[in-house]
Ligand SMILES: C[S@@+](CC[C@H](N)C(=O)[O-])C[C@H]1O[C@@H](n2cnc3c(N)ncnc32)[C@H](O)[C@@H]1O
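Read the single chain below, which is given as structure tokens and is the form predicted alone.
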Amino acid sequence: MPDRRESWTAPPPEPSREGVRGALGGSRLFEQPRQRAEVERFEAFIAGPGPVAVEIGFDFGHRLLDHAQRWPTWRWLGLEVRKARVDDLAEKAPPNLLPWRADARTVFAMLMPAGRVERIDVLFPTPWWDEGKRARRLLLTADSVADLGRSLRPGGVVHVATDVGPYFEHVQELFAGWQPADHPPSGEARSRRERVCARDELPVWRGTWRLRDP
């Protein structure tokens, strides 16, 4: 039986968007008055002193918590759609770490200030094997990568890791107009998927990019 990691294919590009499709209601989520307090908490955190780093889909948050403790002068924002994961990390989070239950596509499209972020980590994003879900739920698309680019300060980077080779080919195409960069520093803690890949000796593809100089 062929390894499905080798047979994944990218969906065709979607038509120009109206709003943002995503988990938790997409862009409609932040149109709800009851979300105002959450948005204001995010805005206050992002406006604080120091560089900002974002980890998208932090799972159990082991790596994100380690980074927040290791680099306390940075502000670390974790975006994750699973409530239990967010609640668990929030109980352990130091003041420079904000775990938030929100879809990253919506946050970067609607809320993230331009030129504010120093670093974005996208680690082992779910490639979505089912064709029906693939187009709707794919995290990295031309639109979402453009939104990430707007959020970066000059010299800021996006770091992507995956154990699905064809997915990484898709990512490389999306960042083809960017400039390769050195991988950002990382502590000793590893995500659950990183540990699984090490245990099972699975190949991992990594890429880091920054916007090209004007």
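Predicted model only: the values in this text are computed from it and were never measured. Just count from 1 along the sequence shown to find any residue number.
The same protein also exists as the form predicted in complex with this ligand; that form is not shown, yet it is the one meant from here on.
*Asks:* Does Met110 reach this ligand in the predicted bound form if we count a contact as any heavy atom within 4.5 Å?
*Replies:* No, Met110 stays farther than 4.5 Å from this ligand in the predicted bound form.
*Asks:* Classify Asp147 as contacting or not contacting this ligand in the predicted bound form by the rule of any non-hydrogen atom within 4.5 angstroms, answering yes or no.
*Replies:* Judged by the heavy-atom cut-off of 4.5 Å, Asp147 is well away from this ligand in the predicted bound form.
*Asks:* Examine Leu123 and determine whether its closest non-hydrogen atom to this ligand in the predicted bound form is within 4.5 angstroms.
*Replies:* Residue-level check for Leu123: yes, a contact with this ligand.
*Asks:* Taking any heavy atom pair closer than or equal to 4.5 Å as contact, tell me whether Val81 reaches this ligand in the predicted bound form.
*Replies:* Yes - in the predicted bound form, heavy atoms of Val81 and this ligand come within 4.5 Å of each other.
*Asks:* Taking the partner as it appears in the predicted bound form, which of 184 to 192, 38 to 46, 150 to 158, 169 to 177 has residues with heavy atoms within 4.5 Å of this ligand?
*Replies:* That would be 184 to 192.
*Asks:* If you apply a 4.5 angstroms heavy atom cut-off, which residues in 101 to 121 are near this ligand in the predicted bound form?
*Replies:* Counting only heavy atoms within 4.5 Å of this ligand in the predicted bound form, the contacting residues of 101 to 121 are Ala102, Asp103, Ala104, Arg105.
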